[in-house]
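In the structure tokens that follow, a single protein chain appears in two forms: structure 1, then structure 2.
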Structure 1
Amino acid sequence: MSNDAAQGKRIPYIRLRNIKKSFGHVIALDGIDLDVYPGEVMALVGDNGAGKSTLIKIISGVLNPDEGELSLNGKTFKHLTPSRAIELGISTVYQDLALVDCLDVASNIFLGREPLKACFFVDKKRMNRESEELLRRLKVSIPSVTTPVEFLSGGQRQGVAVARSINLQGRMIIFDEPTAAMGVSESARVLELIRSLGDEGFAVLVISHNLHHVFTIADRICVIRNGRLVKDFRTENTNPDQVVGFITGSNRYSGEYTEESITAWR
């Protein structure tokens, strides 16, 4: 409880108010209010088609909302653009990865912010060197940073996408199902990274279907169903059964939890 009170005084990194978005007849988001805080890993969970990816695309400026507003750094926006979002410190690992297959690993990691030399030439050597360092730091194993990403495995591609977003040096990092194509050890490393980003003070928003992962790394769990935010939990105040209840809409679980049911999941 004291935790919740303390959180109330903190300033959110981003604040969404009444975000609505439709695609033709499909209402993807139906009035979302959401605050994401620095130093906190927030998990967004929900069924397929609940609107999670649409929501993070609005935060990263890829989509414009039909209604509602976003506040950051004391400024309010009707919508963002990808470059504005990046300037405001928001970097995103998209579910569909958004890598350029024909470019190599280093060029993808630096896409849009290639270092230059002599004001014209892309400094490929520096890009390669810094990409190697970054990948080593993130413990992503890739044969060579000069390999085109089309030759990489699904897990390696996700590793590159994660490195890309870290390299943007934002203060808020969004992961849309970052471990979906990864093996056990690869996803363990990414989860560790996400947790450490939260501890280092980044505002972290993670979408995942894997409740086990969610309960391992998240400080907060928000459930989204049919485009509405139906529940906002502190992780220690809930358990997987209850979360599943809100995801499916059955709310089977009464809401009490026991120490055992949580530790069992952790």
Structure 2
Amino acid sequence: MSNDAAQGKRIPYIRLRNIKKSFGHVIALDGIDLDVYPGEVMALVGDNGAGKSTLIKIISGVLNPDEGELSLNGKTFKHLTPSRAIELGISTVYQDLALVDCLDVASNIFLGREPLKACFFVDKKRMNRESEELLRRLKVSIPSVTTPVEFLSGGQRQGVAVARSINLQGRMIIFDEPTAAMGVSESARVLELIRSLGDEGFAVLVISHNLHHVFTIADRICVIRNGRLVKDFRTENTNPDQVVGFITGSNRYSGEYTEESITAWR
């Protein structure tokens, strides 16, 4: 039995310890320790160049860390590959969404995993039916699952990307600036979708520069600055001014980040 279980603590979906990454002489990540739990929305915030994108690329297997390790479901990895990350339930929804505009909604949701029927034909009826069920569960409203995604709004496209992540058996979903370039009403629908994923038990990690949106959906807010995780807030115990202070460095930081400080919010 793990120490977390023995102490009656929640088990993180993913645990990062001492993650370091450099590009030449530039230190992108300098010993990141981070836990992400099922059933919570965690926001990762920081200035441009703080290391946020590098960190999610390591979690999703796009980049390999120079040092440190990741633990998922009791297994420890020095690094992941994109395919292995997906197998382990980690899905990333990037800003560009990686949707195929000329294909319809159902085809995008099942892209690369199309079900087959007799004679190796794609089972389009099953794709449509299961896509409709999944979008209904996520409360994503679209004209039809046979509509090409190029005709969908930004919020609807986000919903399709999330549906595809869940269809890949994703249990941790990472969002990179999910409301970028969206209007107020579209952003509200996307934020509601993200919050509902946390309520359903998914582990959700969101990168966003919009602190208003972060405070709307996040259970925790982690601040990364100059490649180091400098603060881990419970959202209910902080305010935007405090968060901005740690992002900019105007708040004092001792430079120490311990196991106790990681778990203190629980």
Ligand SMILES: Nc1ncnc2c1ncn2[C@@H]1O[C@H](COP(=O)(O)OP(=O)(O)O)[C@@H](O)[C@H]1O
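So that the term is clear: the rigid core is the largest set of C-alpha atoms that superpose within 1.5 Å between two forms. Numbering runs along the sequence of structure 1, starting at 1. For clarity, every value in this text was computed on a predicted model and none was experimentally measured.
Tell me which of the two structures is the form predicted in complex with this ligand, please.
It is the first structure that is the form predicted in complex with this ligand.
Of Q169, T76, R225, H213, which one sits right at the hinge of the rigid motion between structures 1 and 2?
For the motion described, the hinge option is Q169.
Which rotation angle in degrees describes the motion of the smaller rigid part relative to the larger between structures 1 and 2?
The smaller domain rotates by 20 degrees relative to the larger one between structures 1 and 2.
Would you mind giving the Cα movement of P143 between structures 1 and 2 in Å, after fitting on the rigid core?
Comparing between structures 1 and 2 after core fitting, P143 shifts 8.2 Å at its C-alpha.
Can you read me the CA shift for L111 between structures 1 and 2, rigid core superposed, in Å?
Between its two positions, the C-alpha of L111 lies 3.9 Å apart after core fitting.
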